[in-house]
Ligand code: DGJ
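One chain comes next, on its own, written out as C-alpha cells in the form predicted on its own.
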C-alpha cells in the first residue's frame, strides 16, 4: 500500500500560496494601477496616507499617515463625529523608480505612554510633508497636529539628519500669532466673535489640512486650511524652515478649500485641492497664480473620466515632479475608505495641461513612465 503523505492537501495549497506571495514580493512593478492594492517590496500593502514625497540624492522618500487597527466611530464631548483609527505616526518608504517601495519604518512614531503629548495615539497626526533645507542640511517635517475633536488645529514640526529619520519632534503651534496677513482689511480686524481671523490674532491662526512648497529660490511656504476651514492661508517659513516668518496671506476666502497640492510650471504657481466634505469625495479644484501670495484664479475641476465629478472617489494630497523628466508631473490622491481607513487606496495619475493651459488629470486603469498615451 502507498504511504500517505504527512502534508495534507490544504496545507499544500497554503504552502504554494505563501511561496507565490514571496516571489511576487520581489517582482518589480512595471506600471501604476490606480486604486488597486499597492504592496511594498516585502509584499505588504503600503501604509502612507495623506502623504507627500521628497526626492533627495537620487532616491524618492514617501511619507504618510500610518493607519493601522480598527476603524471606530469617534465622538468627543458630542462636538464631532466621524471615523478614526488610533494614530500610528508617520511612515516612510523609499524608491528609486516610483513603482517599488521599501518600508523604512516609522520616521516619526506616535506616543502611546503619554496621553498629554501632541503625538499621543488618541490625537490627530495628518498630512505629513518633508522638505530638505540645503543650508542647515536638515530634513524638516511639518504636519497637521490636532486634538480628537479637531479643536486644536495646530502645526507640528520635526527634524532629522537623515531622510528616513528618526525625526525629533520639536512641538506644535498655531502659525503667525500676533501678525496680520499682508492682504488684511480694516473689516477683517473686527467682530472677533464671528471672525476667526481676528479672534485668533493673538494666539495664532488655525492650521488643519496642509502642504509644503519649496520655491526655486529656496524659500519655503506652508499652505493650510484655516479660520475654521472656510479660508486657506499661505505662509512664508523662516530660512531654517522651522517656523513661520511672519508674512502670510489669505487665499480662497470663504471657499472651504482643503487638501492642497502645490506645484510650479513655467513660472506660475498651481494648486490642486478639494472642498471640505470629511471622508466623502467631492469635486476637485484647480487654481493658478503669478505670485504665491495671490491673487489665485480658480480654473475648475481638472479631472476627466468616470467619477470625475467626485475626483475619482478620491482626494488630492500631493503633486510630484518626476526627476529627470521635463514637465512630467504625477497627481497623487487618496481614496479614503472611511469605514476601514487602513484599506484606503492610492490613486496616482499623470498631470497634464489642456490647450488652454489648465491642469488636466485623465483617468487611466494603468499607466507607466515615461507617460504613454
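Not measured: the values here are computed from a predicted model. Residue numbers count along the first chain shown, from 1.
Form predicted in complex with the named molecule: not shown, discussed below.
Annotated contact segment (heavy atom within 4.5 Å of the named molecule in the predicted complex): 125-133, selected among 125-133, 294-302, 237-245, 96-104. Distance criterion of 4.5 Å from any heavy atom to the named molecule in the predicted complex singles out 279 from the list 180, 173, 196, 279. Proximity to the named molecule in the predicted complex, defined as a heavy atom within 4.5 Å, singles out one entry of 221, 252, 201, 150, which is 150. Among residues of the shown chain, residue 315 is one whose heavy atoms approach the named molecule to within 4.5 Å in the predicted complex. Contacts with the named molecule in the predicted complex, taken as any heavy atom within 4.5 Å, map to no residue of 88-102.
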